[in-house]
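A single chain comes next, written as structure tokens; it is the form predicted alone.
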């Protein structure tokens, strides 16, 4: 299940380069709008497409991925809300373990059930320590997971959780304020976590402005994920991509 996405993540991190991932919910995008998004993403040099949602109610997952694959070479990474959100057409799968909660089903239970299908898919599997951070509003992910998020001002809890995830063998850490969050993960929390782990750090949720993206990158986020803001205003892709790629880090 080795592949190309994780080597890209690690090589960009080692080079001090920040990456921008556009999050696409297949339930919320039409083929016409996806075509526009692909063209804008190519022009802006978007690094990844993350595909998925807490709930996928339609059969658009495969179709959306195939549409992307026919149009460009930007890697498509599954960001699933549950084990049924699989597609062999994607490039990789973020295999999420909710390390910020205490729901055993989302730590390992659902993985036991999904393992045969994941193995059979042939996808590149990226073991991901998933951390839900309080974004100031109830989110779908916190409701579905039945787990309280890490409080926004508890940087030490986030730090220790991320370190534990890395020591347990997670290949990336993903801090997410969740779709619809009123506020993104704080720069203070990002910096504290980034300074104490060596694996790539992904940050998303509640990010609406290029300025926030830039500050998150400076604080230590390696991949910055934006979804809702782009759903509302697709032309933000260029500004956000420019902000991500303008972050200079000495290595």
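As the structure is a computational prediction, the values presented were derived from the model and not from experiment. Positions refer to the first chain, counted from 1.
Keep in mind the form predicted in complex with SN-glycerol-1-phosphate (1GP) is missing from the figure; the text below concerns it.
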query: Among 180-188, 60-68, 211-219, 38-46, the region lying within 4.5 Å of SN-glycerol-1-phosphate (1GP) in the model of the complex by heavy atom distance; finding: 180-188
query: Distance check, residue 243 to SN-glycerol-1-phosphate (1GP) in the model of the complex, heavy atom within 4.5 Å; finding: no
query: Contact test in the model of the complex: residue 228 vs SN-glycerol-1-phosphate (1GP), heavy atoms, 4.5 Å; finding: yes
query: Non-hydrogen atom contact residue 206 with SN-glycerol-1-phosphate (1GP) in the model of the complex at 4.5 angstroms; finding: yes
query: Interface membership of residue 130, SN-glycerol-1-phosphate (1GP) in the model of the complex, 4.5 Å heavy atom rule; finding: yes
query: Residues within stretch 11-48 having a non-hydrogen atom within 4.5 Å of SN-glycerol-1-phosphate (1GP) in the model of the complex; finding: 23
